[in-house]
Ligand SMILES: NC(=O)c1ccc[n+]([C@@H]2O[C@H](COP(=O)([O-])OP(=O)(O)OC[C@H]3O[C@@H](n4cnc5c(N)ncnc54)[C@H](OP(=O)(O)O)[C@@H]3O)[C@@H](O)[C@H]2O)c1
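First comes one chain, alone, set out as structure tokens in the form predicted alone.
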Amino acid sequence: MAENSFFTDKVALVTGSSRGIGRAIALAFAGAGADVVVNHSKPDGASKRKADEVCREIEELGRKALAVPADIASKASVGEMVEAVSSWRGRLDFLVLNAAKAPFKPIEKLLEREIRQLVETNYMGNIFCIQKSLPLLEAAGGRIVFISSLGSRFYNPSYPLGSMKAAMEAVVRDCTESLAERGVFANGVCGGIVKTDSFKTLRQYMEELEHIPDELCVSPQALAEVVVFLCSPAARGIRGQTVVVDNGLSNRLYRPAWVRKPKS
């Protein structure tokens, strides 16, 4: 993505951005000219190594980067993360709620600890991030973007995360209304089938995924570009909405065996 003067020297915090979709979003913001806070879940191990790699990539693009470990399910941990952002740059313009954690199993088989994790990370955690970031976002007239998925609106037998995604799409709407007077607006991006690490696990529970043509899958970069767009002045008229980015996968229940590729 070409650098945009609007984003120059602004700061984006992307939760869960050491890999996958989050990594693509972090790099897209850097490519547009923003400095980026790369959040990862654990303070050491593979989580930290991957976050440090993303930071190096951002710095190679000529932007500043800060890796911050935080478990968003912990309000105290989120508070420490936001304090680190404030100490680093003294501002926060864009909050991207991407981090997610959930087992792949039917709802009726969830253990109590799994249900609590599902809610604490994917619902409460995102709200903690909004609450703690709000003073900085208000000062900057900032934007919030939540990363959802088609599981929020279509049944998947082993994807309980979908119910939390649906709940957060409602939060996007509500936050936009409740925070409008403070100059902070939220939107969501509902991604289709994205071939990340989680896709490899998901296809073990959904045999149909193997038959979806590549043309109907979405790249992490395509999602990232929409996230950056929603934070730009060009999207000023889009408020409280969840934009579906799925290459048209959800447009029809049945489709022919062939799929026409879009002209480049």
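This structure is a prediction, so every number in the text was calculated from the model and none was measured. A residue's number is simply how far along the shown sequence it sits, counting from 1.
There is another form of the same protein, the form predicted together with this ligand; it is not shown, and what comes next is about it.
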| item | value |
| --- | --- |
| Answer range among 85 to 93, 166 to 174, 98 to 106, 131 to 139 for contact with this ligand, defined in the predicted complex as heavy atoms within 4.5 Å | 98 to 106 |
| Contact residue in the predicted complex, chosen from L179, V194, L118, M124 - any heavy atom within 4.5 Å of this ligand | V194 |
| Distance check, R56 to this ligand in the predicted complex, heavy atom within 4.5 Å | no |
| This ligand contact in the predicted complex: R63, any heavy atom under 4.5 Å | no |
| In the predicted complex, I147 touching this ligand (heavy atom, 4.5 Å) | yes |
| This ligand contact at I21 in the predicted complex, heavy atom, 4.5 Å | yes |
| Heavy atom contacts to this ligand in the predicted complex at 4.5 Å, residues of 158 to 179 in sequence order | Y159, L161, K165 |
